[in-house]
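Just the one chain here, laid out as structure tokens, in the form predicted alone.
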Amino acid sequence: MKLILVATCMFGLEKLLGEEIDALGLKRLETMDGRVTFEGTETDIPRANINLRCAERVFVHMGAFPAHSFSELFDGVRSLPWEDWISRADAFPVKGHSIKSGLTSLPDCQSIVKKAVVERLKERYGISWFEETGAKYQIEFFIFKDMAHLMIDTSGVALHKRGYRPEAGAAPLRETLAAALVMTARPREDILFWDPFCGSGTIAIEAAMLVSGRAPGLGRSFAGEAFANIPGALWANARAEAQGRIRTDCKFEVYASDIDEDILDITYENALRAGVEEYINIFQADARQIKKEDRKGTVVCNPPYGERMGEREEIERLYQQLGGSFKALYPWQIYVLTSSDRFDRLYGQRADKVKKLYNGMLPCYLYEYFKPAEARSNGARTAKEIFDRKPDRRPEGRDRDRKPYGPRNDRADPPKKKL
């Protein structure tokens, strides 16, 4: 059966998500802030959940209609074929968002949608009471400019929760955003990939997963696995297909270093759970003192933000110091994600490209340095000077025994590759 599916993402990742959907052989229908709509079948629901690196959730789109009033919302929801998915025993909670629309009370919208679905199912099943003890079908409404979209969530737990990172350190970077940074940098086997602010290892792990062909959803389960319309064989086939794309001959090499040696135990354990520990060399080093090897390389990192006033001055000094030390890494390409809109001015070099992204609710900027240093424009601008000054678009809605892992040392120099 042909379905309309919706993959949601953080603002700024729509282009990369659309390219991922194209790579699965699926047809895109519409792209808007934070979501991409595409055609598919029941077979494609497991494929999308398991393989999409930048998506937060995958929904079945049930229908759309104008909703200027609560009565229009009720009638529109009631007209949709909920019985095609929800049986008389299943649970169907409701949540959602309303943006730039007349219906602003989310609790009231939630109540109306629930009541309309109940009335529809009452008519179809001839019962007046629903126990809701079966499979959970999370209904989500999205009302944008008075147009209501009704969907069923097939993912359950958000897709950025891959399952390899139960502990994430003090300032976690969402896995989907880390994947987007990696995809932007276009890592290759013949180029060293280095995150000198690795923290719990998210960027390094996502890079190793991408280049080795390991799908992000292989280590977790999904709400849609309990759906009667999506047989277990479809999920098994999608997993087998993804498993078959893992490269056993991959020679990719990642350096994951951090000044905080204590976090590196977590880095290793996360890499182990993700199944990519063989590609990652984990070691302690100060990012301001790392040295370039005689090979091609790419640095992708997410240094501390320093959101509080006292920290901000210290972080700005760090950015200035990075500008001096990272000069020695050229012609390596460098990608830095930070919430600072004046990073490249502090860094001392104008970025070749700046992208506005979001880490959860926090607006961030990805500063990309990929041109030869002599070809780069002088006179760094702040992100404020690059982007229109409109209001930010914000999304809505140990103590342990040390385990042995990859080369580590306390030097600024990187470890030597094992023979």
Ligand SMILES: C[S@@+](CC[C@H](N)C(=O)[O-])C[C@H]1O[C@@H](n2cnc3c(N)ncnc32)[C@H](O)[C@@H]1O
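As the structure is a computational prediction, the values presented were derived from the model and not from experiment. The numbering used is simple: start at 1 and walk along the sequence shown.
Form predicted in complex with the ligand: not shown, discussed below.
Asks: Answer with yes or no whether Asp258 is in contact with the ligand in the predicted complex, where contact means some heavy atom within 4.5 Å.
Replies: Within the cut-off, so yes.
Asks: Even though the partner isn't displayed, in the predicted complex is Arg165 close enough to the ligand, meaning a heavy atom within 4.5 Å?
Replies: Arg165 belongs to the contact set for the ligand.
Asks: Looking in the predicted complex, any heavy atom of Gly224 within 4.5 Å of the ligand?
Replies: Gly224 lies outside the contact set for the ligand.
Asks: Answer yes if any heavy atom of Ala287 is within 4.5 Å of a heavy atom of the ligand in the predicted complex; otherwise answer no.
Replies: Although the ligand is absent here, Ala287 would touch it in the predicted complex, with heavy atoms inside 4.5 Å.
Asks: So, a 4.5 angstroms cut-off on heavy atom distances: do all three of Pro46, Phe59 and Thr154 pass it with respect to the ligand in the predicted complex?
Replies: No: no residue has a heavy atom within 4.5 Å of the partner.
Asks: To test your reading of this chain, name the stretch in 121 to 129, 271 to 279, 200 to 208, 89 to 97 whose heavy atoms come within 4.5 Å of the ligand in the predicted complex.
Replies: Result for this chain: 200 to 208.
Asks: Among the candidate residues Gly76, Pro172, Pro187, Gly297, which is the single one with a non-hydrogen atom no more than 4.5 Å from the ligand in the predicted complex?
Replies: Here the answer is residue option Pro172.
Asks: Looking at Ile230, Ile263, Ala242, Leu329, which has any heavy atom no more than 4.5 Å from the ligand in the predicted complex?
Replies: Exactly one listed residue reaches within 4.5 Å, namely Ile263.
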